[in-house]
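Each of the two blocks below gives one form of the same protein chain as structure tokens; they are labelled structure 1 and structure 2.
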Structure 1
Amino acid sequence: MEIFTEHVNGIMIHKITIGHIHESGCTGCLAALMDNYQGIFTILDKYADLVYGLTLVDVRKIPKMDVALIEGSVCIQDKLATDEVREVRDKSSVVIAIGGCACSGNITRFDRGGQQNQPQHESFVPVSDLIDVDIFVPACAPTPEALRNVCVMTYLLLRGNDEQKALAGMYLKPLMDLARSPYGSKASFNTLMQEVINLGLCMGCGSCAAACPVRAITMEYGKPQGLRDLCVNCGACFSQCPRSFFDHELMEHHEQIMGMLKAVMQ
């Protein structure tokens, strides 16, 4: 499968530039990103240059980049953090929020100060509350495979041929729609009831209950039940539900997409 098709002044372009930006979180998403073994090595060898990442790259100023992976929520009392995510948006073509904290706020929504070093840091919001985000990759933490696939598909969307761009766009569309959805970071269990359960789409997988950071959802007789007085509208249950952004067109091209992914990772 031919991958590299673009040329500038007769020189073939192989790679995009990516950066990893860490806000307030546990670093679990970074661990998942690095837990791809040969997958991450293949990505960095063939498809991407890592140009920013405080944990991995000795660069102190945020450079221009094609793709920014933002992990963690943003403390709105921390001017450096709020300025940083806005600078990332200005300098990046594609911004991807990875993990529950970046997408929905997750457990950081319930922090009310009292940390030993900075007790005034008490309010945290998901990244999309401050800047436009292009792609959501929810879960706490996303699987290594999910992060690998999103990185590869984003590369193909930017650098692939027409067929690859079309298939990568199909793969990423549900995650792009989730980032633009008003439910993406502010959904509640009521949203899940209205958009999934009441429409007969729930298959009883339990993903919503597993994702809820305050244990406001239980599974009763194979269906989710919500304790609405505990729900804090963090959006985790809705973004984790596979039926909340179900895409029939994607399923129709599943074999093609997986075949393309397998080919580019060899």
Structure 2
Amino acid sequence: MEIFTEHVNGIMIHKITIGHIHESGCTGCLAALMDNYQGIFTILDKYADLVYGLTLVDVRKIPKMDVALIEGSVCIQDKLATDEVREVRDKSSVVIAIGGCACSGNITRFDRGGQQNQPQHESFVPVSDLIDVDIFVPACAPTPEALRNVCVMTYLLLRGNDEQKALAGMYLKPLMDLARSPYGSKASFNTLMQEVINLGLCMGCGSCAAACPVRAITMEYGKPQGLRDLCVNCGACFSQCPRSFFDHELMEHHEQIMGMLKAVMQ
């Protein structure tokens, strides 16, 4: 598999349309996307037209779009929200859940209602509990770099040449698998225990500890120790773990891929 960095600049004729859909989240995911600074302008200049986004685009009705980025979990007692995600699914080719809340509920898993002015809003579920989600980008907040990489790869999947489509397909596969897996939407420190440590896969690298946004993981005698009361269910530790998913063939091309991602953002 060869990746030609130069080609990337040659094929940006057809932009994709992209929308940001805000469910029960804190706007931290959107802020993280914006933290790509000039990069976000490059994305919007060259690759994508933003066709929907609260406060960013003056559009009230959800339009048809290529890629929907959904942030936040969904309150099942909130008809507006549940209708909205159904409509998004209906009108988008690719639905990407961005951030811990959208992927696995995150901090909203602790919600139990009783708050003004909608005390009956007490049940919040990850987006994939209600609609099919194509790609997960977990973590609280998701990182600007992860959002950048996934956006570029999704663009290549939709608009790239055959080689780029193949590369993007390989890259996105584990994030697609995660969106369909039985554990993706249930992620917490327990997922790391059950799917990595309990299965004899942990090798003590410490990626999980570095990834955790609330420092719930320490390394004791070379293995992760979780303070589960601190865990907010963001899913970062499991997805970051090299033993959650790792494609040797793709990873061998790390230098070209990093080079391409940088070239694309110029």
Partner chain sequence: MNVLGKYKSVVSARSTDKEILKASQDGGIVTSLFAYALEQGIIDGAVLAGPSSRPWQPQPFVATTRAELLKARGTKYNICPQISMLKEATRSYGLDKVGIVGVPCQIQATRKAQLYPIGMRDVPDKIALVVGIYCMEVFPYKGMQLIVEDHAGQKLQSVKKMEIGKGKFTVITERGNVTQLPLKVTHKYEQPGCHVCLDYVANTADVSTGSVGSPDGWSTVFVRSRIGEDVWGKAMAAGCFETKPIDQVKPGLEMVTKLATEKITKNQKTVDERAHFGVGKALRNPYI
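When a residue number appears, read it as a position in the sequence of structure 1, where counting begins at 1. For the two forms, the rigid core is made up of the largest set of C-alpha atoms that agree within 1.5 Å on superposition. The structure displayed is predicted, hence computed values, not measured ones.
Comparing the two isolated copies of the chain, the first one is the form predicted alone.
Once the cores line up, the CA of residue 64 ends up less than 2 angstroms apart between structure 1 and structure 2. Relative to the superposed rigid core, the position of the CA of residue 199 differs between structure 1 and structure 2 by 2 Å or more.
Put the two forms on the same core and the Cα of residue 231 is off by 2 Å or more between structure 1 and structure 2. Taking the core as the reference frame, the CA atom of residue 190 shifts 5.3 angstrom between structure 1 and structure 2. Here the two forms are laid over each other by their core, and the C-alpha of residue 213 is off by 9.1 Å between structure 1 and structure 2. Its Cα shifted by 2.5 Å between structure 1 and structure 2, residue 257 is reported here after superposition on the rigid core.
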